[in-house]
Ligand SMILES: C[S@@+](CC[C@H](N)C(=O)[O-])C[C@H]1O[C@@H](n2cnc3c(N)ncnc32)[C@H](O)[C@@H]1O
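Below, in structure tokens: the form predicted on its own, a single chain.
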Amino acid sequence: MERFTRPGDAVLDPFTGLGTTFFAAQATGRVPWGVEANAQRHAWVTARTPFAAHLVHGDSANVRTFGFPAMDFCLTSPPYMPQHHAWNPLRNGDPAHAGYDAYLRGMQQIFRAVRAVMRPGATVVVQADNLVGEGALSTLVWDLGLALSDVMALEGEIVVTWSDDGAAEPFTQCLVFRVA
């Protein structure tokens, strides 16, 4: 966050979850904004911040309708979906939106909405991991990179390595996009 922003900048997380980006923005003098679809997570974060009014309980695909100011930076980790699953986490498992291709199209829809609230030239960082499970590799990072590069310009990636603390995953990847 410090690499891409200055104190006072508006920082968006369209998948706020338990507030990692939200609280990091707040702690470093940035102004946090976010969207969280899960009511319990939304309540948990809003109970712990003076910026509760900046976190909307809703669908991040509708971020344009929430009255947010122009954002200087976006840092998020979206819900993951393995390629071999039908249950789409963006649609709460709705069978009408089943499958990995529907998930990737949904991510494009969400990031088109995100792009619309970003300042021109702003940076969007999407953290994700490739997934290994049930004998299959899901190339989530690569697939998100390709899908979202239809929405924003992919500038590169940052690989974050974790300390040798026995973590299941020794690193994570952050895709860096620029909004035109």
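By rigid core we mean the largest C-alpha set that fits within 1.5 Å across both forms. Don't overthink the numbering: it's just position in the shown sequence, from 1. Please read these numbers as outputs of a predicted model, since none were measured by experiment.
If you look for the form predicted together with the named molecule, you will not find it shown, but the lines that follow are about it.
Undergrad: Answer for Gly145 alone: is it within 4.5 Å of the named molecule in the predicted complex, judged on heavy atom distances?
TA: Although the named molecule is absent here, Gly145 would stay clear of it in the predicted complex, with no heavy atoms inside 4.5 Å.
Undergrad: Wondering, does Ile110 line up within 4.5 Å of the named molecule in the predicted complex on heavy atoms?
TA: Yes, Ile110 is a contact residue.
Undergrad: Please run the contact check for Ser138 against the named molecule in the predicted complex: heavy atoms, 4.5 angstroms, yes or no?
TA: No, Ser138 is distant from the partner.
Undergrad: Please run the contact check for Asp129 against the named molecule in the predicted complex: heavy atoms, 4.5 angstroms, yes or no?
TA: No, no contact at 4.5 Å.
Undergrad: Could you spot which one of Met81, Met71, Leu90, Leu104 gets a heavy atom to within 4.5 Å of the named molecule in the predicted complex?
TA: Going through each option in turn, the one that passes is Leu90.
Undergrad: Based on heavy atom distances of 4.5 Å or less, which listed stretch (55-63, 150-158, 130-138, 111-119) is in contact with the named molecule in the predicted complex?
TA: So the stretch in question is 55-63.
Undergrad: Taking the named molecule in the predicted complex, which residues of 122-155 have any heavy atom within 4.5 Å of it?
TA: The stretch 122-155, when checked against the named molecule in the predicted complex, contributes no residue at the 4.5 Å heavy-atom cut-off.
Undergrad: Establish whether a shift of 2 Å or more occurs at the C-alpha of Asp94 between the shown form and the other one, with the two forms superposed on the rigid core.
TA: The answer is yes; the displacement is at least 2 Å.
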